[in-house]
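Presented below, as structure tokens, is a lone chain in the form predicted on its own.
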């Protein structure tokens, strides 16, 4: 998926407006791997929310391929999130009462994927992240690194064109960080999934093909 932002402004508040993103423009070609760094409060989360169709810009346009999604109705944006975007969060956001394979399968159930196809995709994804033997384990029995790998697999369940990762290694130790980032890089390479990662860690950002710094509401490449 090709992602293009043109003249993006994001302003919060009316009585005392705060401009978080200031005339931001960028293009990420299909299959690229981009990291976005910057200090706390620089607007990284706001930018990721816009890219994930969780929020709309105050001004400007966001295109997925040739489609303007910046002000699409919520029902359309919900469908885009489910079918075309995979999310990976710092704190995994997995359901502890479900098994590994049930967590990975859940987005497919919500999208109406047939059972046989769900099982085949789950098996393939768990093999990819090296956790096929843990398929029937409850999430709470896994290490932090293993849980984040499951979160990556879940994000890929509906074959998205765009993968968004928000500080995906922020809760992990050094070894787990390396393992998770190797998985994300391999996903980007082997599946040509456009990947946008937000991080404070320069070692994590180094996995990307292109690193941008967000500061004072503007991107610097």
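Note that the coordinates shown come from a computational prediction; the quantities given were computed from them, not determined experimentally. Residue numbers count along the first chain shown, from 1.
What comes next is about the form predicted together with a small molecule, which does not appear here.
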Q. Is residue 66 close enough to the small molecule in the predicted bound form to count, meaning some heavy atom within 4.5 Å?
A. no
Contact test in the predicted bound form: residue 200 vs the small molecule, heavy atoms, 4.5 Å:
yes
*Just to confirm, residue 27 within 4.5 Å of the small molecule in the predicted bound form by heavy atoms?*
no
Margin query: How about residue 20 - does it come within 4.5 Å of the small molecule in the predicted bound form, if we only consider non-hydrogen atoms?
Written below: yes
None of 46, 194, 176, 70 but one has a heavy atom within 4.5 Å of the small molecule in the predicted bound form; the exception is 46
With a 4.5 Å heavy atom cut-off to the small molecule in the predicted bound form, the contacting stretch among 32 to 40, 58 to 66, 186 to 194, 168 to 176 is 32 to 40
